[in-house]
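So this one's two forms of a single chain, laid out as structure tokens and tagged structure 1 and structure 2.
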Structure 1
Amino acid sequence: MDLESLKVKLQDKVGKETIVLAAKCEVIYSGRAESFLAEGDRIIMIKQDKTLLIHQPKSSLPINYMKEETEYNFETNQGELIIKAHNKKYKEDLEINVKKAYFLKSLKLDDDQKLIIKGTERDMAEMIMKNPKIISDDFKPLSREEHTKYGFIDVFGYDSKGNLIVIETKRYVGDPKAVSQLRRYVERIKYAKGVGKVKGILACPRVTPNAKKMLNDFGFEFKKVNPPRYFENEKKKQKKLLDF
């Protein structure tokens, strides 16, 4: 691809369309630190808000990036296309020296949707508040996100014998760090409420062997609880073509 023609196309499309350029290039960055990326094949993406992403052939993360409202200058010099990006707000500069361009694609994209996140640890706590029998038949929840000096307790309550209960939820796996966190909350509640016994429960799909041993050592419990799966339920409700 002729680099002079490429320069003209980039000047015309930047800030108007999402641009995807595959090219052999080197990258020089200055801002949060300084970096140099030697010549290699990359995907260069300039979004409609002027965000810049540079991807190598591997990894999901960009090797370099510039945030929105970046300004661009394009010039050719000695057989190279030089893309200069400057972000005044974040005091960052990035220069891409394009040696060879493989393809260029630009398109006006339309997407104003917001990402909906469900099944978080907060959702797990809410699920337990609404369905306390998930923990035990006699569990009575008092509050969610009870504040302590060390953070927020996911679920706080008591049982039929009047024992205070602290529940820490984890979406995936309970590890020793989670048990230590639960212990801090239990000890803080003992001190704050002036009681000698507070039950600790780690609610999550599974625990590591070390976490299980720590729970036993501290006299805590593990309760197998899976996070709510809202979207999977919605998919099950949707009829397929063969259902009609």
Structure 2
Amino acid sequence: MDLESLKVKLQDKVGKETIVLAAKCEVIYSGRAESFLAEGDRIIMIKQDKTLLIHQPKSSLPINYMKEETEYNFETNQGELIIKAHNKKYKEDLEINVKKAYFLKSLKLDDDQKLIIKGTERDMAEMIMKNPKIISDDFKPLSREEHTKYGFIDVFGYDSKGNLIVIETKRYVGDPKAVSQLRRYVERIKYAKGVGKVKGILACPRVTPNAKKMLNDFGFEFKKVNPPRYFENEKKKQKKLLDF
């Protein structure tokens, strides 16, 4: 493909359409860190918000990228197309040296849809609020304090003996980080309420050995809880996903 007409098309379409370019190239990045990627075949995508993604033929993550609102400059020089990308906000620079272009496609995509997602940590906390017996027969939830000034505790409550209880939920594996987090919240509540004893519970499907040991060390509990499955229930009831 002719690099000169490629340059013109890129200049014309950047920020207006979603651009997909397959090319042999090398990539240099400098910003939050610094990186170099030697010559190889990749898919380069420039989205309508001027996000840049460079994908190798394997794995999920882009090998290089730039965030939204990046500025672009295209030059041809000695049989190469040089794409210079600069992001003011994040103080990042990226340069692609295109040695060969295999194809270029460009199209205005029309899509304002948001992903509807269920089974998150928030959903777990809400499930516990609505059905506190999941934790124990005598658990009384008080609040699902999310991003309040006071703290970020998933579920907060007390039991029949009047013990304050802090619950940290994790949708997958409870690891040492999760226990540290729980510990921090328990200590915050102890300090804020001026109480000596506060119960800590880690509610998740399973915990790692180190997390289990830490829970033990700090006198916390593990409660096996799985994230809710709304769509699966819907399916079982023979309803359509679109009804959700």
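From a predicted model like this one, the values you see are computed outputs, not experimental measurements. The first residue in the sequence of structure 1 is number 1, and each one after it adds one.
Participant: Of structures 1 and 2, which one represents the form predicted alone?
Facilitator: Structure 1 is the one predicted alone.
Participant: With the chain broken into two rigid parts between the two structures, is D110 in the part that holds I165?
Facilitator: Segmentation between the two structures puts D110 in the other part from I165.
Participant: Let me make sure I follow: superposing on C-alpha atoms, what angle in degrees does the smaller rigid part rotate through relative to the larger between the two structures?
Facilitator: Rotation between the two rigid parts between the two structures amounts to 21 degrees.
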